[in-house]
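Shown below, as structure tokens, is a lone chain in the form predicted alone; questions about how it binds or moves come after it.
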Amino acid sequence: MQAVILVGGLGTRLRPITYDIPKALVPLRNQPFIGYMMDMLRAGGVDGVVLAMGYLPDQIQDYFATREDLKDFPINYAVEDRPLGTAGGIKNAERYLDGGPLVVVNGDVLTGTDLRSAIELHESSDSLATITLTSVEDPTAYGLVEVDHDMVVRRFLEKPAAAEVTTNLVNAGIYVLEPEVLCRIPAGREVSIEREIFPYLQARGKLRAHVSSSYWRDIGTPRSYLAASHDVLSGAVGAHEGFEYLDIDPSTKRGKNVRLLPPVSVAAGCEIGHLATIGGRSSLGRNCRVGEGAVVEGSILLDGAEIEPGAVVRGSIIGPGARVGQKAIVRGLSVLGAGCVVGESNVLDQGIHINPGVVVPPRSLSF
């Protein structure tokens, strides 16, 4: 069975990081996110993948070109010349499919779902599509999916008020489809599978649900991306045999009396300065530099980021090549784009986003 991965979106909710990096390639424990998705699909028995792409497709293709372990695993690329939506992206990938049932996954979902069980459930039914559902703590933040006792989808509720909540099940972004579904998708225009195709199937009793209790998280926002990074570092998902909570490359340079609090990932080329304290499940990319007395807690530092002496980074995302100046503070889910600079002693707080290349002068701004 083949799979289609929907990675055509602009990743607008994760900007400014995704101005330069497609969402599929944002790193989790120094592996691009899509690598975890590929592992899930292969573990589920998928024997080939089509990537439905639109935004920054070359970077994604370049990544897979480096994956020696996938050289014998068929990967095709269906690149859109304009946005086609979730169903339109599947239709655009149709020329690479073998005409049989297929798996479709949204390109921003980190999960440990047992794909084989979803496929087996679908094959045992007469449904044209099977949608994987997962439960959430706050149902009002999502569109909900009601099912009956036979797991047939009854209706969709779009972000209901608290008094209207009848279930806590949401669309997990993993589907098994019969090829007939593709015949319902018009070619060459933007089509939503969630808003146009699934309601059509539901009304005809041909949409079934598979409920998963496995780990699941949408990584599409800064908050959820940080949470996903913490979860991977803690071993909640994506853990492999030999996983180390304290993951330090042997080439890392550390000053005297450096204290590293696990779990943390420190990659090749990092320089951890004297008395630098790295904790709170932080992840550092390749060639990061952390200066003397700096603090990095519960944050993601992408490749080449630099935290100068005495700076503090808490609960934030620092983009590739970005720099936090001496004694500056970046906290409160702030996000720095690629190559931007926060000047000495400045403070960024409460979800401030700085676009790529922007320089925030020393002490000149208050937020």
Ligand code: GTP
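What you see is a predicted model, and the numbers here were worked out from it, not measured in a lab. The first residue of the sequence shown is number 1, and the count goes up from there.
There is also a form predicted in complex with guanosine-5'-triphosphate; it is not shown, and the following applies to it.
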| said: I'd like to know if residue 3 sits close to guanosine-5'-triphosphate in the predicted bound form, meaning any non-hydrogen atom pair within 4.5 angstroms. | reply: no
| field | Non-hydrogen atom contact residue 345 with guanosine-5'-triphosphate in the predicted bound form at 4.5 angstroms | value | no
| said: Please determine whether residue 85 contacts guanosine-5'-triphosphate in the predicted bound form, using a 4.5 Å cut-off between heavy atoms. | reply: yes
| Though only this chain appears here, would residue 353 touch guanosine-5'-triphosphate in the predicted bound form if you measure heavy atom gaps against 4.5 Å? | no
| note | With a 4.5 Å heavy atom cut-off to guanosine-5'-triphosphate in the predicted bound form, the contacting stretch among 299-307, 45-53, 329-337, 312-320 is 45-53
| remark: Only hit among 252, 106, 212, 127 for heavy atom within 4.5 Å of guanosine-5'-triphosphate in the predicted bound form is 106
| Considering only 61-81, what residues come within 4.5 Å of guanosine-5'-triphosphate in the predicted bound form, judged by heavy atoms? | 80
